[in-house]
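There is one chain below, alone, in structure tokens, taken in the form predicted on its own.
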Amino acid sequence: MTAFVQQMVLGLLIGGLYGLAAAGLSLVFGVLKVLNVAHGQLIMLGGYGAFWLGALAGFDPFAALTLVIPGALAFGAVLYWTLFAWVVRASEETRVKNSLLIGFGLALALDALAVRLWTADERSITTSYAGAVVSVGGIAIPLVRLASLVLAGALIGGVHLLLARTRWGRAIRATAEDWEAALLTGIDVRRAYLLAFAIGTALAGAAGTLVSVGYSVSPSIGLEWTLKALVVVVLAGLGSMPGTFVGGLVLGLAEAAAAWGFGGPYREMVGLVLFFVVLVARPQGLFAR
């Protein structure tokens, strides 16, 4: 029983990263109707950003978030204006397939660029407190991963408040509901699209930073994290940032239970099973609004 609880605690901790990784993808898809399959590569770039800030400038990885998030925000704005602004001019029916083509090309380009700049080796951030744990009832909780879970929840809570309480947050939500009606009420739809894409990229950069602390980053992790984010988006549904975070926790717990019950190789399979079951039984997701 202790081994089972330990496994579930670790699943819960990585589930927070799943939720944060999926939040940006959910926001972009929900507002722009654009499926950015290069989202995992943006997470990878965020991880490398935190790693090099630590290696070259001595930044603590959690302090590096103060630079990675604004940098990712600006990079997201550049990506939107250079690539995806052309996609959103099409009808909603054609946005997904056009964005898939652009996203695949962007993913390949970023993968090749990362290998060229930093080689294919895995890199992780090692700190003086990397091995610190707190023991509760015989269950060891790594403090770094616990801090990542708390920060992931805080970031998603901040974005939720931004969307719910600010003028431009409400404009983004109105655009997601009906961009034509939002345009008629005087909302600058293009600016709402830009803000949504930039915020989604910033969330991806933050997720990459937290991944580099507790795990490792390499140019090959992009596809893996894109798939995790897609599973969480389907599981949670669109329209709720807290729901996306909870969806990530559910996926983490499900993977941990599968690894404990059937072995490590089945850990990845449970995400695909959940993906299929939710699509069939509740296509709108568990927390859709």
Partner chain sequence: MLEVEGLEASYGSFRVLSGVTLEVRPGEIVALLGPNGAGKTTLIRCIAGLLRPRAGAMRWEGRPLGQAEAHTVVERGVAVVPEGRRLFGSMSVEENLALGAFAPRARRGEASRLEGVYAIFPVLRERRRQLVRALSGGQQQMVAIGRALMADPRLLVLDEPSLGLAPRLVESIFGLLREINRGGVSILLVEQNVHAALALAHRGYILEAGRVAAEGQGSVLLNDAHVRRAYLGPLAR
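Residue numbers count along the first chain shown, from 1. Since the model is a prediction, treat every value here as computed from it, not as a measurement.
The protein also exists as the form predicted together with its partner chain; that form is not presented, and the subsequent description refers to it.
Tell me, please, which stretch of 127-135, 149-157, 176-184, 69-77 lies within 4.5 angstroms of its partner chain in the model of the complex when heavy atoms are compared?
Within 4.5 Å of the partner lies stretch 176-184.
May I ask you to state whether residue 161 is within 4.5 Å of its partner chain in the model of the complex, using heavy atom distances?
Answer no; every heavy atom of residue 161 is more than 4.5 Å from its partner chain in the model of the complex.
Residue-level contact is defined here as any heavy atom of the residue lying within 4.5 Å of its partner chain in the model of the complex; does residue 194 satisfy this criterion?
No, residue 194 sits far enough from its partner chain in the model of the complex that none of its heavy atoms falls within 4.5 Å.
Under a 4.5 Å heavy atom criterion, is residue 167 part of the interface with its partner chain in the model of the complex?
Judged by the heavy-atom cut-off of 4.5 Å, residue 167 is in contact with its partner chain in the model of the complex.
Determine whether any heavy atom of residue 171 comes within 4.5 Å of a heavy atom of its partner chain in the model of the complex, and answer yes or no.
So residue 171 counts as contacting its partner chain.
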